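Heads up, the chain below is alone and in the form predicted alone; it's given as structure tokens.
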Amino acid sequence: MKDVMGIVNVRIQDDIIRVLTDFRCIASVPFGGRYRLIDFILSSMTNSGVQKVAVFTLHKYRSLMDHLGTGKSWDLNRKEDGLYILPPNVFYYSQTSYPGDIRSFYSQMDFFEHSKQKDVIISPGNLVCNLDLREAIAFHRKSGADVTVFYREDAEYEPDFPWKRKLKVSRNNRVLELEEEPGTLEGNKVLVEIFIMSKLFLLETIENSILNGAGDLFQDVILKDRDKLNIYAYPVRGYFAAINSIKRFYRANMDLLNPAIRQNLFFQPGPIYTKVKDEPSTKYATGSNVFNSLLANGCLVEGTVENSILFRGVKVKKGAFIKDSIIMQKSEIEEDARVEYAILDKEVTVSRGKEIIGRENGPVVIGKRKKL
């Protein structure tokens, strides 16, 4: 797959999971005890043999750059090709609204033109999945499609999110219908925001879109010209979650407590990689109790943890009780405190005897470094 370029387009609105994106972009939001959201699509690309990946950032990308570094954790620290982090053009900061990914791509035309790859695969950075993209590329090339879109059979259709669009396909997976307004098409085939196209098609699209004033690759090109383009659809298999709400983020983390889901997501068809951090093993004190939970390295547990995910370095003091919650790195739950149905960002302190209790369908979210 040396002839395929990966593009991770970190442009999605950060306010869809407010609080967790106050200090970071959505692609660098922590997930599953020791990962970041971008790890999943980045690992899928590199496991599939993609050797050149460009990450298009928008804002609040310091955390993302720190996490990605040189790309070594994903075998992208190469003399040729490798990882490229492409911050936005400076003119974005004078804009009252995001002008669209077309403009972002246009500002990096030299990068595309000097790349040797034949095809590009474009994805956002907020997908929790593990994909074999080699099969998708082979399908795209065999079909002769202008654009291949990804879709999923989704029984939990939520039309309130703008990316939740359904599609109908033929027996050979050619797209017959793609709904313009969410919720207007029957069926359960739901569009996933991953696209494959030739680099030549992308470059022509960018140039034509700039001349015509178009700003968004999907809205103004793929969706608008869906009847003119030869569009095929590729099915996504295995576990998949698009993190587009706090509810979805919480549910996807809790899904990891299921061993079958965990095995499928992190090892099939290849492993999910992340930035390596060396820390000691978690210490379980005498009298501590842990049930059906995931704990990363460096934790100290003296209290009780049930059905929860603890990131690195979390301290649970004596008499503290945690249930159905996500506790991020270096947070501290002091003596006799109680946390249920909550998401605590990094370095949160819950004081002695304090109770933080949310609901299963509405977890409490506490921002980074808060002291309660």
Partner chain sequence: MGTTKEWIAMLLAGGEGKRLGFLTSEMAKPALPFGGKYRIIDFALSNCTNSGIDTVGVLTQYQPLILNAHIGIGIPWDLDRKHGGVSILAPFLKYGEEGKWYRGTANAIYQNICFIDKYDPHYVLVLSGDHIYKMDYSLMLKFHKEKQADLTIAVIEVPWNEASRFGIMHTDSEGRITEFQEKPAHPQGNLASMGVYIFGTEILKQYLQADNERAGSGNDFGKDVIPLMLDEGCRIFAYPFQGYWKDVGTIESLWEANLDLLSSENGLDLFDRNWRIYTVNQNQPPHFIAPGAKIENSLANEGCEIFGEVSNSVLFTGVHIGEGTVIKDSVIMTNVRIGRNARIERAIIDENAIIGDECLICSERKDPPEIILVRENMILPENSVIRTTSP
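These numbers were taken from a predicted model, which means no experiment stands behind them. Numbering follows the first chain given and starts at 1.
The discussion below concerns the form predicted in complex with the partner chain, not included here.
- Heavy atoms of K79 reach within 4.5 Å of the partner chain in the predicted bound form, making it an interface residue.
- Interface membership of P269, defined by any non-hydrogen atom within 4.5 Å of the partner chain in the predicted bound form, is confirmed.
- In the predicted bound form, the partner chain sits within 4.5 Å of a heavy atom of G313.
- When contacts are judged by a 4.5 Å heavy atom cut-off, V276 counts as touching the partner chain in the predicted bound form.
- Across the options 293 to 301, 187 to 195, 233 to 241, 173 to 181, residues that bring heavy atoms within 4.5 Å of the partner chain in the predicted bound form belong to 293 to 301.
- With the partner omitted from this view, the residue of H67, K317, R34, K346 that lies near the partner chain in the predicted bound form is R34 [heavy atom within 4.5 Å].
- Of the residues R251, K118, R262, K168, just one reaches the partner chain in the predicted bound form with a heavy atom at 4.5 Å or closer; this is R262.
- With contact defined as any non-hydrogen atom lying within 4.5 angstroms of the partner chain in the predicted bound form, the contacting residues in 270 to 288 are G270, I272, Y273, T274, V276, K277, D278, E279, P280, S281, T282, K283, Y284, A285, T286, G287, S288, given in sequence order.
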